[in-house]
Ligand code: GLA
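Below you will find one chain, with nothing else, as structure tokens; this is the form predicted on its own, and questions on how it binds or moves follow later.
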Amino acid sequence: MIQKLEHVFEERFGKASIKVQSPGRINLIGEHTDYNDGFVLPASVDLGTYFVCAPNDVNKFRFFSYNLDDKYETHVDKLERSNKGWANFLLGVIAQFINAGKKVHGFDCVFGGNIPMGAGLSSSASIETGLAYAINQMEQFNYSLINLVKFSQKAEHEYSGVQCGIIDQFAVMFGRDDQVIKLDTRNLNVKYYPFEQRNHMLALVNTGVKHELAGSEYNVRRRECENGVAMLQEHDPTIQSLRDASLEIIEKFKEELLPVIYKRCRYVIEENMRVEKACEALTKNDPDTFGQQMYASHEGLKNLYEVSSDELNTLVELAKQVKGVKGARMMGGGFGGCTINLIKKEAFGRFEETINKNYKTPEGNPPQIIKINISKGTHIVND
């Protein structure tokens, strides 16, 4: 991919000065815990977005999207939101440097990638962090990686209109080969855990169903969690979020919580506990226990948090039938998208055959099955 982009860059602009790879990301466990100050377990993967860039002397930002075969340019003094959606991911990043008081000089950029769209691998975060990293290098601004993560998140808020959390950009930037990130979303404390990829592998299966309900239902779930916290605070003022609550306290005051609020609170508390158990399993190189936490996570998302779908549930049940599949669950906001599956490598053929034989997308096609490896975060690509 990087060679293709270099070739296009040379045809359009001349010689490149910097090349950057910015990965996509997965989340192994810890779903819907981020806005409750909880724990998540993401990792960067070997699918991503690639950037080939160089300064120019025409006082313009000139972009070419390889995948879309489309271009966009603007004068450096006329930076504003575009009616081209893809351009806003890039323009929003530039705006953050300018808002921080920096002068960003004109540059050319060809970018493209191999992240499957709609698979929940955070292609937008990959684009934002990749460009932020490239600009920081070209201009020698010396911003820290966490600054670049925050710039990327704000770019999505302000230019793309998506009020995302920080996990996606964080995981894309701070990923490491063969390691997953336990991120404490309250204070951004990080601990890395080894992920064995010699005998086991990860694969996503795309339901073929878009997350059409995810946005509206996401806001509903946030309110339900906040309502639960407000009620629990009446009994214990130290509870600032569901991170501070325990199963004991929600059982104690179960009668005062609406049944639906109780279910949401129970899920979040148990999911945080599952992340802890999953990390212990990684430390002990115990894929069986890790996989059990994945299955339990899916059950919680299905029955307590109620963000799964028939298609996601079917794929998880099919995975359970295959000997050598250690765990499976829905990944992301819910109501569509992908399942993530932990599979013994020797079992992948059986897994693929079972899924293709027993599941079809709403259009009647075999589902997209995506093998992924855990690899390093955003970085310079050297010749």
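No experiment lies behind these values; they were computed from the predicted model shown. Throughout, we count residues from 1 along the sequence that is shown.
What comes next is about the form predicted together with this ligand, which is not displayed.
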> Can you pick the stretch from 48 to 56, 315 to 323, 331 to 339, 347 to 355 whose heavy atoms fall within 4.5 Å of this ligand in the predicted bound form?
Replying inline: 331 to 339
>> If the cut-off is 4.5 angstroms on heavy atoms, which of these, I250, L242, V275, I167, is the one near this ligand in the predicted bound form?
In response: I167
> D34: heavy atom within 4.5 Å of this ligand in the predicted bound form?
Replying inline: yes
> Does this ligand get within 4.5 angstroms of any non-hydrogen atom of Y218 in the predicted bound form?
Replying inline: yes
